[in-house]
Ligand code: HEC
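Here's a solo chain for you in structure tokens, the form predicted on its own.
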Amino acid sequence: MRTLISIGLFLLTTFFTTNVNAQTAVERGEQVFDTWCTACHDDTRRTPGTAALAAKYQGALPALLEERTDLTPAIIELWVRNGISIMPFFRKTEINDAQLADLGAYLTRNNGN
């Protein structure tokens, strides 16, 4: 009986932990974005990253990263780790791999997956 109760508690804990983690990855990613990315990629065209993307895409794609639907976690990781154009790279001591995965979840939340 004790074994069945232990197994039941383990399964419930695993189920709820998995669901909570899945629900909060986007929220954690938003916090990473707010901490590291909004200085250059906020919702105004006056920030360097948003202005650079507006000039690059000329309306073909949204300049705001948070509105994009074409981003993938792999391209986000590439850009964050290596930088692109005027964007600097970020070290693992600044944005660790778990935070980068959460950032990917946040920026791909609109992709309809």
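Small disclaimer: the values here were computed from a predicted structure and weren't measured. Residue positions are given as counts along the sequence shown, with the first one as 1.
The discussion below concerns the form predicted together with ligand HEC, not included here.
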> Would residue 31 show up as a contact with ligand HEC in the predicted bound form if we use heavy atoms at 4.5 Å?
Replying inline: no
>> Quick check on residue 73: any heavy atom within 4.5 Å of ligand HEC in the predicted bound form?
In response: no
> Is residue 45 close to ligand HEC in the predicted bound form, meaning a heavy atom pair under 4.5 Å apart or at it?
Replying inline: no
> Can residue 95 be called a contact residue for ligand HEC in the predicted bound form at 4.5 Å between heavy atoms?
Replying inline: yes
> Can you name the residues of 34 to 64 that have a heavy atom within 4.5 Å of ligand HEC in the predicted bound form?
Replying inline: 36, 37, 40, 41, 48, 49, 52, 53, 56, 57
